[in-house]
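Heads up, the chain shows up twice below as structure tokens, two forms, tagged structure 1 and structure 2.
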Structure 1
Amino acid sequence: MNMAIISALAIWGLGWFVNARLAASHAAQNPAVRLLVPAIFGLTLLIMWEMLVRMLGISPIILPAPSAIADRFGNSLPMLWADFEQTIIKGAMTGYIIGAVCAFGVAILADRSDFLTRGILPVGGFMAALPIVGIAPIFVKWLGSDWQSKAAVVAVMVFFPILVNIVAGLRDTSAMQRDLMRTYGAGYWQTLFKLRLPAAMPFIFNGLKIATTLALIGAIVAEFFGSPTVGMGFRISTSVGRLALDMVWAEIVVAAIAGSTIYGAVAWIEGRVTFWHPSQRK
């Protein structure tokens, strides 16, 4: 027992010592070192986890070792892929796209009227703070337990943050810029496409980025309320029931990879679209 804790602390100390030296050294500005330091930190935690689980003999129904999780991950790739397809691609992505398109449509419609914009901003902001994921049981009842109900939950969840950001973004041009467009004789639509939409892009992408995580949460949590026998939320809740925690962790690894990949993809597109914005300068 003591041995285990002492050696875990030794690993921690070692990892910390290396990181402290790296952070204090001249190489700290080097991009490779900036990646290396968090990687060492993560690795230190993983090794400590593995050691403590093995040396203390912690039961796998409480906390499986990282090696056991990796093993399970490697052995269940087809199943994990099917779950990924069901939950992320069919549920989350479909809902995300529907929600984003609807938000865009409503924002453009409301944009013509200052009255509506002033109503939509506070109401949308308010809705975005609510626990919307609670509508999942209702949608599962209405649309059945397959991916359609998950897509609907996701669409409602992502709708409000995206809507608020688009509406706020469309208001983000100065009177001077709009006057310039008017002196050019530009109509409403020309001003919209050539000035106001491009100016709104940083806001829009902010909303889209917030919504990626929400979409995954919605799709996974909605499956806790009923799903076909495939899907990440289904797998998590049934594996928890069977105390197969290595499977749960494997699904969480998939969720983490999917989440950061989708977020990264949106951020990459943002970099392409808003290359002119100060925040994108290298």
Structure 2
Amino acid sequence: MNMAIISALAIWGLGWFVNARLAASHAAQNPAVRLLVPAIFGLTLLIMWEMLVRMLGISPIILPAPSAIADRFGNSLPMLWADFEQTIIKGAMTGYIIGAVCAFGVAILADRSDFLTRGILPVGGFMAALPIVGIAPIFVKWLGSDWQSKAAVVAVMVFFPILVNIVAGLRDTSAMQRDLMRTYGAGYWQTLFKLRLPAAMPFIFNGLKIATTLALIGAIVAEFFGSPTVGMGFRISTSVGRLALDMVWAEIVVAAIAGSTIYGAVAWIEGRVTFWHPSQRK
């Protein structure tokens, strides 16, 4: 046991030393080096994990080794793809798009009505605080156990964070800027599209990025309360019951890759749309 801990600490120390040297070098801002540092960090964790599981004899029922998870991942690609399609593409992404579009429309209406703004934002804070385990069973009862109920849960979860950020962004322009647009004879819609929406873009993308995480969590957790025999939440719950922890971890890997990819795509679009903002300047 002591040998396993010493070996793991040695691997950790080596990885720390290499990363510290790379981060302090003149090439630290090189894109390849910036990718290499987190890659070395992740690889160090995986090697430590593998060593500790094997050298300490930890049961795969408690914690499978990364090699066992990779083996299960490679042998279950058709099943993992079917789960990904059901949960991420149909449930999470459909609900994400519906929630974002609805939030944008309601934000425009709220922007034109002080009464609606004062009424909907407190309700939004209340709804955002509702636990998913409370609303998911209701939507499953209403819409059935297929992906439509999961999309509805996701739409509700992402709606209010996006709405609050859009409303805050539309208020970000100064009175002087709005007065200048009125001086030029611009109406509400011209001011909206030429001044206020561009100024609100950092807020809008902040809401969209927050919602990517909520969408994945909502779709997966909602499947625990009713799902056909496919889906990431269904697979995780049934695999835990069969003590197939390697399959659970394989689904977690899929969820992590999907979440990182979606978040990265939104961040990439943000960089192209808000290139003028100080946060995007290199």
Partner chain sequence: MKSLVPILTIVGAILLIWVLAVVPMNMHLTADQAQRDGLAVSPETPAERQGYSGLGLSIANPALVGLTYTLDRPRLPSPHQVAGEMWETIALRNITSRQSLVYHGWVTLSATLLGFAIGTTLGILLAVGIVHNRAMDMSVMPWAIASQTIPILALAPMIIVMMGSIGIQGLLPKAVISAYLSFFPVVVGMVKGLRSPDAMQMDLLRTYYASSAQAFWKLRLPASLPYLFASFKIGISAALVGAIVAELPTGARAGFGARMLVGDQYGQPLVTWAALFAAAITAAVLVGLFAAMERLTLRRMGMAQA
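Structure 1's sequence is the ruler for residue numbers, which start at 1. The structure presented is a predicted model; accordingly, all values stated were derived computationally and were not measured. In this text, rigid core is short for the largest set of C-alphas that superpose within 1.5 Å between two forms.
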- Note on the structure: For the form predicted alone, pick structure 2
- Message: How about Tyr263 - superposed on the rigid core, does its CA move between structures 1 and 2 by 2 Å or more?
- Response: no
- Message: Aligned on the rigid core, do the two forms place the Cα of Ala39 2 Å or more apart, comparing between structures 1 and 2?
- Response: yes
- Does superposing the core leave Gly187 with a CA shift of 2 Å or more between structures 1 and 2? no
- Query: Core-aligned, what's the Cα displacement of Leu14 between structures 1 and 2 in Å?
  - Reply: 2.8
